[in-house]
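Okay, so here's just one chain, in structure tokens, the form predicted alone.
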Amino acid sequence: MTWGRTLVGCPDTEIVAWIDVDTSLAEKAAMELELGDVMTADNLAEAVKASLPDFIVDVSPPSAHCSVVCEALRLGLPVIGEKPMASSMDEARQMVAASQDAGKLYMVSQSRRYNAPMEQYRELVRGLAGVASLNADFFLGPHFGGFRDEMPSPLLLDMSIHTFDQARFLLDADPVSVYCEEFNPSWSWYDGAACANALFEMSDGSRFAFRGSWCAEGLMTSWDSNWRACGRKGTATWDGDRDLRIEEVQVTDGFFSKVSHERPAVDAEGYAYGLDGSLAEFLSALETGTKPQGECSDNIKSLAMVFAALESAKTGARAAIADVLGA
């Protein structure tokens, strides 16, 4: 429904069909969104033939992403879909190949990239000159109930891709390898490992360190994590909300360097956050032919960070991203 409201609220889009294996759910959504006589169906190919859409929005469960996206691409339609791209790296590779074979755009909506404070933080990070380390702390204690409580690796599988993808964005670098461990406290309400520590080597020589917990009670961080970047010219932090701070080296004489301190104000006027920003970039890419953030051949690197972390946690050894990406 969130994507439905986003599409309804966009002046450049119109929903012409709603497809669900359970047509009663499609009809209910159409009614709640006041879509009038919009077509509802349980068959993608038939709905495409009847409604003639310009693109598909895939909000199916992750286990269905591969089949839905590949079918839409074979039908000659661009796709924007929800993260994670797929439930396995084999499926993700199939989806990238399908996009290339069809010559149609498949973009994964990493909606957390569309965040004004984070974009300002990225500029602060760039100004540090030669970042050596980027650290992200993610500590939350959501009592979801349902499938997440029963997942084998709920933090890494269901949530970490947001933070991992943000690290690629902030550093403008790709992952090379990772060492990761995951664990579950005795008092955790999750069946699987709800905590993880991961250290990534990045292509620019920096290290990205992730510390996370999905059973952290009290003093919780933002959903966008708490960040610290250290570089040659100083250190910049972001609390995942609107608190940006930077201390830059001014004089290196003495036991500690003298630094300046700044807390930049967030400028977010007219900014398209989250799904609004993701949709806007997708539509622009369709119109101009430019490559958007989240294009599948790039986003698969963020997915590989997740599966490499899982492989490392399983084997107790460093995992190479190239081995996980495969051909």
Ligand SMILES: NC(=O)c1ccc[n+]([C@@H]2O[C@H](COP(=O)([O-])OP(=O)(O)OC[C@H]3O[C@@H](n4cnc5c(N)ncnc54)[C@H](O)[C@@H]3O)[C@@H](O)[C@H]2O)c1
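Because the structure is predicted, anything quoted here is derived from the model rather than measured. Residue numbers run from 1 along the displayed sequence.
Form predicted in complex with the named molecule: not shown, discussed below.
Novice: Heavy atoms within 4.5 Å of the named molecule in the model of the complex: which stretch among 100-108, 202-210, 83-91, 232-240?
Specialist: Correct option: 83-91.
Novice: Does the named molecule come within 4.5 Å of any heavy atom of Pro61 in the model of the complex?
Specialist: Pro61 belongs to the contact set for the named molecule.
Novice: Consider Ala317 of the chain shown here, and say whether it contacts the named molecule in the model of the complex, taking contact as heavy atoms within 4.5 Å.
Specialist: No, no contact at 4.5 Å.
Novice: Is the gap between Arg113 and the named molecule in the model of the complex 4.5 Å or less for some heavy atom pair?
Specialist: Result no; Arg113 lies far from the named molecule in the model of the complex.
Novice: Might His162 be said to contact the named molecule in the model of the complex, defining contact as any heavy atom within 4.5 Å?
Specialist: Result yes; His162 sits at the interface with the named molecule in the model of the complex.
Novice: Of Val259, Val68, Ala30, Ala268, which residue is found within 4.5 angstroms of the named molecule in the model of the complex when only non-hydrogen atoms are counted?
Specialist: Comparing distances to the named molecule in the model of the complex, the residue within 4.5 Å is Val68.
Novice: Considering only 24-46, what residues come within 4.5 Å of the named molecule in the model of the complex, judged by heavy atoms?
Specialist: Just Leu25.
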